[in-house]
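This document starts with one chain, in the form predicted on its own, laid out as structure tokens.
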């Protein structure tokens, strides 16, 4: 990284602008692109300069911008203009997310196109399709061991099919999110193949060590992601006659982001995927991309500089594209992925609120919202131009990320509570309603994560197996209450495929040798289209939960107070079993009250401030609520309260 003076920075930026202008002489959008450079060029330089010799790298980035922009289809250039005029589209209360594996949801990309009406009928405006780029053959970490970033899995279709799907989604008012794995590629990727073939340029794309001296020094402070089936962080490769950094699996090779060639490859790849119609790029494994001896090699400052430079590059060449950080890290680190300090508002637009997911499940198991309120109140502010992606579950396991200091604040032991949650949601704790499974138990740390569908974790599977109608009704209320917290928190809520139909754990993964060793597949079932097509008329829990989810989505879309620019205040009322979310917005305040238990609960109406005494309206059901000094909440009630219109 070269030191540059302010004057040298100005000269380099001006020269790069001249290079960009010369390349756009015959382009009808020339002035718009140059205006975007004038807006984001300094962010680009500053991000690059924190990591690389910016004077050397910036002209090469400009060449990538020119190449991507020249290939950008007219329909997407129009989308650039629309999204530039409405940059908060992903923060809006009308934006509702849905997450699915392409093959499990629609079979093929064309199959997904045929199901767009289902998504619009549900109220979805944002679709995240899980990894669909070509992975390595065989074991591939659920698609996250990518062999080719520029082709689609052959069983799903082609890049042309993906572009056609994006067009169909856009016509229906749905934005498309695709995964881009930043930290590593499959051993079979052409970069790795060329490194093994002896090409020095590609050897430098990876971390390769001749012996164990340096790897062992790193290992002293590195955790293990998959201790049960992929211990350690380095793998010996005979072709290279060296030890390769492999954080996740031996066939996932970590990339050397200190090499600016790697940055340029990914800037171009982001542009390529944006030109297929991707509206959001999910930056997978972003926390791991920078390595520093003596640390856990996560959340290093360079990560945010690199992201800033990539985002600025994308803003100039394809401004309709936003970033979502897949950083499942502690609260002290995760806010950085939305931007703090010099990077505030300049990195990812979205980040996963993993803590909210964990705390919702914790509150429901404990029937106590104090830990949730304590943990969420400790979060640093996020830039008002960003949003949390909120969710009840995802394709991965749940890691019980309970902070010891948060637990101590409410008089609990952090280790003990994590153990309780792991046992409770595996169904091992006496009286548990859940039917999950332990994932990646680590005997050294005692860490145990959990797999399971939302419906199974919420109690629907156990109640159905026992033919217990009363328990089933409570489980449905519990699941609806949990999703109301996700949708009511603010940010961009994500509904995981099948949760709207109360789909439970699917043991069929055990019959597939490629999946049987990874019990996360228990909560990745194939979409049941017979039930889905029936929707609210489907029998049993599926129809009832579908109706409740649609009602929840409809209510959210009518509440501008849920715009993500406003922060939610979480607190418990006079009763720890009652959780309150308070949101004060210029369009009107909303106070949400959640009963975390299977019994009626009362709380002091003072917790409803800033709402005042008098008639209130519960917005999910549209029913009036009378103000009383002591409010009574039915079991697992979820009330979104506002003043009448």
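Positions refer to the first chain, counted from 1. Since this is a predicted model, take the numbers as computed values, not measurements.
The form predicted together with alpha-D-glucopyranose is left out here; the points below concern that form.
Trainee: Please identify the residue among 311, 304, 523, 282 with any heavy atom within 4.5 Å of alpha-D-glucopyranose in the predicted bound form.
Mentor: Result of the distance check: 282.
Trainee: Since exactly one of 218, 144, 266, 391 fits, which has a heavy atom within 4.5 Å of alpha-D-glucopyranose in the predicted bound form?
Mentor: After the contact test, the surviving option is 144.
Trainee: Just one stretch in 458-466, 423-431, 405-413, 136-144 has heavy atoms within 4.5 Å of alpha-D-glucopyranose in the predicted bound form, so which one is it?
Mentor: Every other range fails; the passing one is 136-144.
Trainee: Does the 4.5 Å heavy atom contact test between residue 396 and alpha-D-glucopyranose in the predicted bound form come out positive?
Mentor: Output for residue 396 is yes: heavy atoms within 4.5 Å of alpha-D-glucopyranose.
Trainee: So in the predicted bound form, does residue 89 come within 4.5 Å of alpha-D-glucopyranose, heavy atom to heavy atom?
Mentor: Residue 89: no, not in contact with alpha-D-glucopyranose in the predicted bound form.
Trainee: Does residue 184 reach alpha-D-glucopyranose in the predicted bound form if we count a contact as any heavy atom within 4.5 Å?
Mentor: Although alpha-D-glucopyranose is absent here, residue 184 would touch it in the predicted bound form, with heavy atoms inside 4.5 Å.
Trainee: Does any part of residue 348 reach within 4.5 Å of alpha-D-glucopyranose in the predicted bound form? Heavy atoms only, please.
Mentor: No, residue 348 stays farther than 4.5 Å from alpha-D-glucopyranose in the predicted bound form.
Trainee: Heavy atom within 4.5 Å of alpha-D-glucopyranose in the predicted bound form: which residues of 235-260 meet that condition, in order?
Mentor: 248, 252 sit within 4.5 Å of the partner.
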